[in-house]
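Next comes just one chain, in structure tokens: the form predicted alone.
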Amino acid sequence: MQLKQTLDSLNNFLPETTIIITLLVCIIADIILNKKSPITSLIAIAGLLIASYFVSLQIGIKTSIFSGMIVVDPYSVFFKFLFILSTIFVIIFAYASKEMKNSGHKNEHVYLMLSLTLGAFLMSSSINFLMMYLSLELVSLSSYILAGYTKKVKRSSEAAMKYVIYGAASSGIMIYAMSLLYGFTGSMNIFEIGRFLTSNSAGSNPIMIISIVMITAGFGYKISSVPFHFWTPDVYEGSPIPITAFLAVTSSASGFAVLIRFFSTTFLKSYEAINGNWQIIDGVKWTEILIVISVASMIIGNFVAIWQTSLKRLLAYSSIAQTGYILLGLVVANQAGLQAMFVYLIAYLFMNLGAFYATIMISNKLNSDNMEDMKGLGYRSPFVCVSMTIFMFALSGIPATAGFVGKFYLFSALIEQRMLWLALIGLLNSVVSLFFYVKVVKYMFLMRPDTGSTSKIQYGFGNYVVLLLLAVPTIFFGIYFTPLLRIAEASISMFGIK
């Protein structure tokens, strides 16, 4: 019987197994080649594509595996596809980046990215505190090394050190909170904890409040929300740009995956929504806590970004603000809010990765990410700068972009729940964000360079193709967004494991 359960579990663990095998093959290939080579990157991309095939076989499945440690359901499948797509793009980014090429390493970043992706897979599927913590640590440890990848650059080493310190503190806080919940409920399974809290009317117990705040601190660090965001600007600025993009999308999305599952499972009276609304356990005020974090993230992220001159730091504070917008969907505590979050996460992948890739292309030629050095760049490299303009407008939520669709559904979900004031705060913050997003466009198209060359800047054909693969969906999904809605609707049926 035990053997049958193990084999059944392994059959549903094929995507993760594929990534593990790919990781090992990449390490062996790197040892054999003993030089920088695209072969390792190609092996990794091939492995991720095979993993995506196995993930596609899990569509529509709802089952728990490995004695209830992780689950396979539409929710985790959505995030796995998101992680695979973002990892493939970032591996391509790394190959195109001058920073990565000039580092003293060979291809170590490839299997570190695969390791982070494996951890992200497990985070999206975890329903047990032990697995949540171990998978989060796998993601975090890989992130620390990647952040300090260009070890010869002083600010890169500084970024990694700050990341480790903040990460260790937040992990310690989170695991202590998990131990409190385990001691109080006698279980580490979030579904069993939810049933215990419901049957014992324990939602108003002080231990619950302390645990919620401390666990939120651990997850908040991973998604870069205020007040757990202090590491973000320095780490984003000090890391190579491809790594920054990876942290901003894949690592943050993994944090959202485990955060959403934890709150929308552990503290519900029933796993069946009534009229689309979740039935939260009496006395548990996690939505109020998230409202404060969401509003603070939007305000601090947007207002501090206005004063930035480094494009990487600007995108760091932009990511903090974007975290605030995404959290609005969870605050609503219903199916419509969750669907809006999924729509925005897909849009965020394309527009944020696109902004970072355009930054890589600009930095490769200018050897700088300072906006002062980008004066008049729109006339020297029109294709790249027009693409960057599309991504900036999408991040600010301008109509006819995917970012607008995501924010529209987030704000609509708030208004339907009679939270007009919160939707208004989000809308006003979007207006504020226009100041710094448009500032990037202003430097590129409306300002003349002080000194230096005014000759045209040329890029390889492959660079333009990758940029198009990100820019076209950003516009396409802003005009025809039905596919986004269908994907999100199919992915929110997560309450099937009881």
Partner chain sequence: MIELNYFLLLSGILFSIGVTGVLIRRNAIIIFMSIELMLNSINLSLVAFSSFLGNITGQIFVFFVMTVAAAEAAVGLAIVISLYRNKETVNIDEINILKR
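Nothing here was measured: the structure is a model prediction, and the numbers come from that model. Residue numbers count along the first chain shown, from 1.
One more form of this protein exists, namely the form predicted together with its partner chain; it is left out here, but the text below deals with it.
In the predicted bound form, no heavy atom of P399 sits within 4.5 Å of its partner chain. In the predicted bound form, its partner chain sits beyond 4.5 Å of every heavy atom of E99. Residue contact with its partner chain in the predicted bound form: F81 places no heavy atom within 4.5 Å of it.
In the predicted bound form, its partner chain stays beyond 4.5 Å of every heavy atom belonging to R261. The single contact residue among I300, I415, I281, M161, judged by any heavy atom lying within 4.5 Å of its partner chain in the predicted bound form, is M161.
Contact annotation: of the candidates Y379, F408, Y182, F383, the single residue with a non-hydrogen atom within 4.5 angstroms of its partner chain in the predicted bound form is Y182. Comparing 70-78, 290-298, 384-392, 125-133 against its partner chain in the predicted bound form, the single stretch with non-hydrogen atoms within 4.5 angstroms of it is 125-133. Contacts between 128-163 and its partner chain, taken as any heavy atom within 4.5 Å in the predicted bound form, involve F129, L130, Y133, L134, E137, L141, Y144, I145, K151, K152, V153, K154, R155, S157, E158, A159, A160, M161, K162.
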